[in-house]
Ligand SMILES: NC(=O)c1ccc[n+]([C@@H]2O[C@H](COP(=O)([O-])OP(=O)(O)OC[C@H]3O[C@@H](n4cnc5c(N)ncnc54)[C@H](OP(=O)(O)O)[C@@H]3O)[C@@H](O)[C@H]2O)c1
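Below you will find one chain, with nothing else, as structure tokens; this is the form predicted on its own, and questions on how it binds or moves follow later.
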């Protein structure tokens, strides 16, 4: 099969390309570097002709709706016209989360459904790298500030890439479909993540300060709306501790 991967040079996209190629399929990584600009349609028709599916990993949160919403809808419209199955990566918990980026991801899903073509949306929890970013951002010296009961169920990027490849190569849906959500195997509070990150570089566990949730976004994280309900997601991939040991340099 011929599978196009948008954002194919990025962290997730490159792993999808490797997974598809490793299974003996033609994986075509595309981005602005290869002549595809989803914000203008440049190069879009050419890459879709003769393709069986397109895995949409490209995004640019810094540009607001331009890429996350409008470019995604443009891609799905073109995919539907050419009879190409769109596989789209999204985020667990965005239905009731007020974070602006999550609202855009929800609108992107709604646009895909409205386009009427064959499309599969896969929602995943935050990647291990993002959980690490949150822990470092909320940690100053030996102190970690957490908001309410803030927690993550971070997932291994490789696990998500394998699932995206499975969907692209699997049965084609008749129209819009949601695949089972995916999440990592362990639910961790922000303090626990910060403790693991600090231990990895030889530092002692931080002192955790619980701060009140101020504002709708912080309340949503404090209420763990970013975490799947128990038993509602397929869990797998490396644990956060395993990922740290294998992927993140010490120090």
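Residue numbers count along the first chain shown, from 1. Small disclaimer: the values here were computed from a predicted structure and weren't measured.
One more form of this protein exists, namely the form predicted together with the ligand; it is left out here, but the text below deals with it.
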item: Within 4.5 Å of the ligand in the predicted complex, all of 33, 38 and 60 (non-hydrogen atom); value: yes
item: Among 63-71, 191-199, 210-218, 46-54, the region lying within 4.5 Å of the ligand in the predicted complex by heavy atom distance; value: 63-71
item: Contact of residue 118 with the ligand in the predicted complex (heavy atom, 4.5 Å); value: no
item: Proximity of residue 159 to the ligand in the predicted complex, heavy atoms at 4.5 Å; value: no
item: Exercise: residue 105 in contact with the ligand in the predicted complex, heavy atom 4.5 Å; value: yes
item: Residue 101: touches the ligand in the predicted complex, heavy atom cutoff 4.5 angstroms; value: yes
item: In the predicted complex, the one of 153, 132, 139, 90 near the ligand [non-hydrogen atom within 4.5 angstroms]; value: 90
item: In the predicted complex, residues of 1-35 near the ligand [heavy atom within 4.5 Å]; value: 7, 9, 10, 11, 12, 13, 31, 32, 33
